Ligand code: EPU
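As a starting point, one isolated chain is supplied in structure tokens, in the form predicted on its own.
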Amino acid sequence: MRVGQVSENIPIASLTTLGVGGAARFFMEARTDKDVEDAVAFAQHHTLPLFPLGEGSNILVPDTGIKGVVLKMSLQDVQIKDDGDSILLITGTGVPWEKVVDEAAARGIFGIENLAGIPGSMGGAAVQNIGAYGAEFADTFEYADSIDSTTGIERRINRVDASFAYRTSIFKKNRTLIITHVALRLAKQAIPNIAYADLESARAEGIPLTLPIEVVRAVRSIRARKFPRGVGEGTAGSFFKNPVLPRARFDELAKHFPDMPAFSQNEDTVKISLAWLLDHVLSLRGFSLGRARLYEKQPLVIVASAGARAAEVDALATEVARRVFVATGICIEREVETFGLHE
């Protein structure tokens, strides 16, 4: 479609990694800041909510579709600025996250190599505060340029104002903020963060993990073993968050499940492995409802088979949450969001 053009009733399942869901009432694409401004003006004129869409990697589109304007964020510019002891990497929000990782790794600069293999865009990474293998997006975030979809006001948001926490940010809490560009501050020299168990095992096997590009290759190899690659199957990666519990609640739970992996967040909270609970306590690997199932190699992942509906994915996630609560008393949260509900 032509950039700036407004299209109606456009199916968007194919623009998501789950591959399910209905159509967008209105659909636009933005490759420049002006395109974003035009989309904001269109949505305001028609009194419609505006929903930015990146690579569609962390969303569930309802079967009933999106009753608003879906804006495909395709800003693809990349800038590399030498800032003395560090490097400022600035990209458009639509740049695929894997391309961002490769840009840094190819130049031998550190900071995001542990986040390789995560699907999505630069904008989505900021919204979700993606994390893996001992690293988080927030660790290198410098600022994001945004525009408010309700007022049209432009705003630069710094690290403090971004309010990053476990799989959340101001961009997730305030959906009127549409990110156009993101800047990351990366290091020219650093000691690779390979304390995570899978990376420690890779090093023990003799896999080199000194350069960013070496860590990137290792992380992608590890992730490839945990996520499905079947033709006709969709997934949004980890569908659920790992629960973060008050320490007293964790201590009580550990009496019942002493082998449960856990990671101290601070003096007061502990993060536990939901995948371990789903596997070792509930035996839910491969559990299915309709054409949706928990992946056999990683039960945090929901797989949508060909022909699956969003309702089947939602029903499976709801049933998993129910079983976890019955077995442990824990209310688990979804990492994947239902697209179009954050009006």
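Since the model is a prediction, treat every value here as computed from it, not as a measurement. For every residue, the number given is its place in the sequence shown, counted from 1.
Heads up, the form predicted in complex with the named molecule isn't pictured, but that's what we're talking about next.
Taking the named molecule in the predicted bound form as the reference, which of Ala43, Ala311, Ala275, Leu289 has a non-hydrogen atom within 4.5 Å?
That would be Ala275.
Counting any non-hydrogen atom inside 4.5 Å, which residue from Phe110, Tyr143, Phe227, Phe250 sits next to the named molecule in the predicted bound form?
Answer to the contact question: Phe227.
Look up in the predicted bound form whether Ala317 has a non-hydrogen atom within 4.5 angstroms of the named molecule, and give yes or no.
No - in the predicted bound form, heavy atoms of Ala317 and the named molecule never come within 4.5 Å of each other.
Even though the partner isn't displayed, in the predicted bound form is Ser305 close enough to the named molecule, meaning a heavy atom within 4.5 Å?
Judged by the heavy-atom cut-off of 4.5 Å, Ser305 is well away from the named molecule in the predicted bound form.
Would you please decide whether Lys172 lies within 4.5 angstroms of the named molecule in the predicted bound form, comparing each non-hydrogen atom pair?
No - in the predicted bound form, heavy atoms of Lys172 and the named molecule never come within 4.5 Å of each other.
Using a 4.5 Å heavy atom cut-off, state whether Thr93 contacts the named molecule in the predicted bound form.
Close contact is absent here: in the predicted bound form, Thr93 is far from the named molecule, nothing within 4.5 Å, heavy atoms only.
Within 4.5 angstroms, counting heavy atoms, which one of the listed stretches 149 to 157, 194 to 202, 98 to 106, 209 to 217 is next to the named molecule in the predicted bound form?
Result for this chain: 194 to 202.
In the predicted bound form, do Glu55, Val127 and Ile178 all reach within 4.5 Å of the named molecule through at least one heavy atom apiece?
Result no, not one residue of the spot touches the named molecule.
Note that the named molecule is not shown here; using its position in the predicted bound form, name the residues of 104 to 119 with a heavy atom within 4.5 Å of it, in sequence order.
Sequence-ordered list is empty.
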